[in-house]
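First, one chain by itself: the form predicted on its own, in C-alpha cells.
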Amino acid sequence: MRIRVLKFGGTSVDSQEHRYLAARKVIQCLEAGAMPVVVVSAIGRRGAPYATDTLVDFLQSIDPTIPPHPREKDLMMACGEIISTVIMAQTLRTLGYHSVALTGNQAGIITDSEFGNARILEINPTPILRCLEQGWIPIVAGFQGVTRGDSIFHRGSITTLGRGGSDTTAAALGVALQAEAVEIYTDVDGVKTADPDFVPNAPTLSEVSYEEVAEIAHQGARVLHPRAAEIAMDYGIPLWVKSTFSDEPGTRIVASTDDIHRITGVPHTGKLAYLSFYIPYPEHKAQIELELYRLMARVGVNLQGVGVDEEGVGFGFPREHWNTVRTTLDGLVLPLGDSTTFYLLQFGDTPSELCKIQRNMLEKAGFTGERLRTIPITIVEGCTMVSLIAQGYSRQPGVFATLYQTLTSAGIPVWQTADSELSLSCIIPESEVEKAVRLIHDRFALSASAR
C-alpha cells in the first residue's frame, strides 16, 4: 500500500477557494496512485473566528486574572483543528471523494500528559489503515492527541503538541504508516533563503538537509516545525515542503546534501527581550547563573543568545514571556554561601516596591553590608535575532567577521552573538531586522548560491 501524508496549514484551509486548491493536491495524489492521509491545522490566524489564538483569547477573556486549567485549555485549543478537519472532509465529499474526519484520538495518537506541549508516545495506525481499506480519505486533526486512560478518565484527556504541532502530527503519522513521503503544504513555494517579505526575490532551495531545515526552523523561519524534521530524520521518511497555491516542485528534505560547506539562508526570530545581569562576585557567580537558568526552565522560557563574561551574564527570550520573566526575577532573593550572603535581583536603578520590601525585611533580619548584595538587571525590549545558516562554514575563520562587519558597517549594533554547528547568530535592534536580512543575503550572495 503506497501512502503519502499531506499536511495543510491554516492559510491553506481558511477560505473555500484555498480549500479547493488543497483538495486538488489530494486528488493529484490519488491520481498518482498513492493513498493520501491528510492532516490539517486550524483555520486562519489570530482574529479569524476558529484560529487557535482566537479560541484561547476567548477563554482567557472570561477572567484574565485566573489562568485556565491546562487540561481545559488544551480541550479548547483542540477545537480549531477539529473544525478544520470536518470542513476539509466535507469539501472533498462535495467533490465526489469519500472522506472521514478523525480527531487525534480517533487517529490513534497517544501522548504524554504535558498539556500544551505534549510528546507523542505511540501511534496505533489501525483506524487510519481501516479507513484506507474502505476507500476513504482520512482527514486527521493535527496538533493533538490523547493521554492514556487513568482511574478517572478511562479514555484519556485531549492534549495539544505545542506550536507547529500539526507538522509533528504529519511526520509521526508518516513513520507509523510507513509512508513513502510526507508533504507539508504552506503558502510559500518551499524553503527559501530568506523571508520573502524582506527579500521578495529570495530563491527556493531545491534540497536541504534535515539538520539544516531544523536549524532554519529553530532560528525563526516558520516553514516547518523542527520537531517534524527531527522525526523524519530519525526514521528516514522523505519530507517535502510545497505550496498549496502553485505547482512548483518545492523543497525536498534529505539526509545530506552534496555540499559539505555551504550557506543556506538568513532566518530571523520574532520579537525578543534581552536581559543583562551584573554579577561581579566570582565566588558565587556560577551558582547565580545556574539558578537563573533553572528558574527560566521552570517557568517555561526558552533562552536565546546566552552570553557570559567575567562580571555578568545575559540572555534573550521571546518578548511574549516578558511579564512572566519580570514577575519571576524582580525582587528575587538568592541565599548563597550556606545562607550567609543574600543576593537581591533588581530591574534598573530604581527598585520596585517589591524590591524595597524584600530589602527592608532582610535588613531587619541583620543582613546588611556585604551580606546583602544587589544584582542589577538591564533590560532591552526591542530586539530580535538574525542568523546565518552555514553548514560547515560556521567555525571557518573569517565567516563570522564578514557577518559582523556587514552589520556594524551599516550602523546596525550587535548586542550579543551565538553560534552552533550550523549557524551564526546576532541579537540586533528589532527596527533593523529587515535591513539586516537584506544586507546579509546580498553579502553572502544567497540568490546565486541557491539551487
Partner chain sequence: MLPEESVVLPEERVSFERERGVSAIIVSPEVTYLFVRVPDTSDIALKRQQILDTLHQANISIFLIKLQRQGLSFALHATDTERTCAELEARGYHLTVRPRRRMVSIFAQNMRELHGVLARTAEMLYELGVAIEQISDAHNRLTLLIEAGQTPEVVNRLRKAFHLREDAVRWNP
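Not measured: the values here are computed from a predicted model. Residue numbers count along the first chain shown, from 1.
Absent from the display: the form predicted together with the partner chain. The rest refers to it.
This chain is displayed alone, yet in the predicted complex one of N201, N360, T126, T340 has a heavy atom within 4.5 Å of the partner chain; that residue is T126. Between the options L332, V306, L75, V86, the residue in contact with the partner chain in the predicted complex by a heavy atom within 4.5 angstroms is V306.
Contact with the partner chain, judged by heavy atoms within 4.5 Å in the predicted complex, is confined among 36-44, 409-417, 52-60, 66-74 to 409-417. Contact annotation: L30 falls outside 4.5 Å of the partner chain in the predicted complex, judged by heavy atom distances.
Contact between W322 and the partner chain in the predicted complex is not found at the 4.5 Å heavy atom cutoff.
Although the partner is absent here, G398 is a contact residue: one of its heavy atoms lies within 4.5 angstroms of the partner chain in the predicted complex.
Mapping the unseen interface onto this chain, I231 counts among the residues with a heavy atom inside 4.5 Å of the partner chain in the predicted complex.
Annotation for 266-290: interface residues with the partner chain in the predicted complex are S276, F277, Y278, A286, Q287, L290 [heavy atom within 4.5 Å].
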